[in-house]
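Presented as structure tokens, the chain that follows is alone, the form predicted alone.
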């Protein structure tokens, strides 16, 4: 397996790019790459040549996360302004605006069926679930206090939630916290199941294997990438190689590889059978906040985005 650079776009945004995801193809158009930036905009790019299709405005502070509905027609952007904007991809019409208290909107993900949008709740120590038909808040999955902490104990009582991931069957939701713990929930019952231990610094990104609903990959500021059996609570693999914080992780559609981005300015490709890094890409000149594999089967593509304001596209084979 290998990555080969296809194209990089310098100054793709006017400021740092913090988020990237792929919009699935629809009957009327191929997949698009969605990027979100500190410049307060969301941009959409053609998937084979990174030609800019359109720029969406609507936030008054930087965009921290972007999420794509599995049908490809709807997307969402979350911002430091504490709003989530849900919009029609083709018209840019606002479908819904979801409001949260300050610092309670971070990473977002639609569930595999597209029925629920999960939003990492930051300082609320919870994940908020929004119904995508009514755009009403339907559940709050709260991380329980650590045992032995007193209600007045501010330091141990709140877990700042940065990242969320759905299992491929939509039954489980995992979230990563500032203190390095990962919490797993049974979504249907709205119940906290357990923590996954092993990281000791922020977990800013995590993703389930597309084929194995138990297998979870996590990226942490402690420079490590972990593989967990998320049901058995077991750490089954620890991959190291980055020289600094690992800010993002995504898994390839074939489930054979993961890609990571780091504040060491590199993108790495990891062979999961070998549990080792097999390639390092050094396109970026600043930290890499997002990596995203194109989900469809039309030839592998990986995109990366960075504080250097650029977007890079790679062939994955």
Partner chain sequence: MASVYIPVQNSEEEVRVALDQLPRDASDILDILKAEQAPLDLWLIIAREYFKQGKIDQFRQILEEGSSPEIDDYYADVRYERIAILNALGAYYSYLGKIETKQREKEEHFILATQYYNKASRIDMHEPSTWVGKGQLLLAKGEVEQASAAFKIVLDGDRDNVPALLGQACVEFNRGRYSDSLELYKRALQVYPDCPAPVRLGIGLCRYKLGQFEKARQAFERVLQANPENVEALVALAIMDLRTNEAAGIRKGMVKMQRAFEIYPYCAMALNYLANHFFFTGQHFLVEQLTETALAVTNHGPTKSHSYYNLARSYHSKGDYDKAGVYYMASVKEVNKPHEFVFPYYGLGQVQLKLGDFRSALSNFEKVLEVYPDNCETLKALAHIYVQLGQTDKGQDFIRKATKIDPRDAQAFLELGELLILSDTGSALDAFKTARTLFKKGGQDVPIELLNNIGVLQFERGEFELAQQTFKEALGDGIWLFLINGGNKSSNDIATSTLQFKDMQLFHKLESTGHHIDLPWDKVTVLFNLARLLEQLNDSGTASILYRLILFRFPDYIDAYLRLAAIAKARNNILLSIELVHDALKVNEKCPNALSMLGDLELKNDDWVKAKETLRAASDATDGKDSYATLALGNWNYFAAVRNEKRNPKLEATHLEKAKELYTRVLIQHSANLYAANGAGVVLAEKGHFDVSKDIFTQVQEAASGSVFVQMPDVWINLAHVYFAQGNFSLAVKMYQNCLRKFFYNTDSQILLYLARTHYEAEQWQDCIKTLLRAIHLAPSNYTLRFDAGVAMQKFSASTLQKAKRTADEVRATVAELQNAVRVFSQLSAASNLHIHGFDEKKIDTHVGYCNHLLSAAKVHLEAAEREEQQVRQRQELARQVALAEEARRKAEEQRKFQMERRKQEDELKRVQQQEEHFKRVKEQWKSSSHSRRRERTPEEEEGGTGEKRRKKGGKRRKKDKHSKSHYDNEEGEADMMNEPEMEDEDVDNYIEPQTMGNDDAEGNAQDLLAAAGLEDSDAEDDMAAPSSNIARRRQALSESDDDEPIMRQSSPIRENSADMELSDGEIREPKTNGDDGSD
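What you see is a predicted model, and the numbers here were worked out from it, not measured in a lab. Numbering follows the first chain given and starts at 1.
Note that the form predicted in complex with the partner chain isn't included here; everything after this is about it.
Interface residue among 184, 207, 80, 141 relative to the partner chain in the predicted complex, by the heavy atom within 4.5 Å criterion: 80. Comparing 43-51, 66-74, 24-32, 273-281 against the partner chain in the predicted complex, the single stretch with non-hydrogen atoms within 4.5 angstroms of it is 273-281. Proximity of residue 237 to the partner chain in the predicted complex: non-hydrogen atoms within 4.5 Å are present. In the predicted complex, the partner chain sits beyond 4.5 Å of every heavy atom of residue 252. The closest non-hydrogen atom of residue 243 lies within 4.5 Å of the partner chain in the predicted complex. In the predicted complex, the partner chain stays beyond 4.5 Å of every heavy atom belonging to residue 136.
Three-residue candidate spot 60, 162 and 200; every residue lies within 4.5 angstroms of the partner chain in the predicted complex by at least one non-hydrogen atom.
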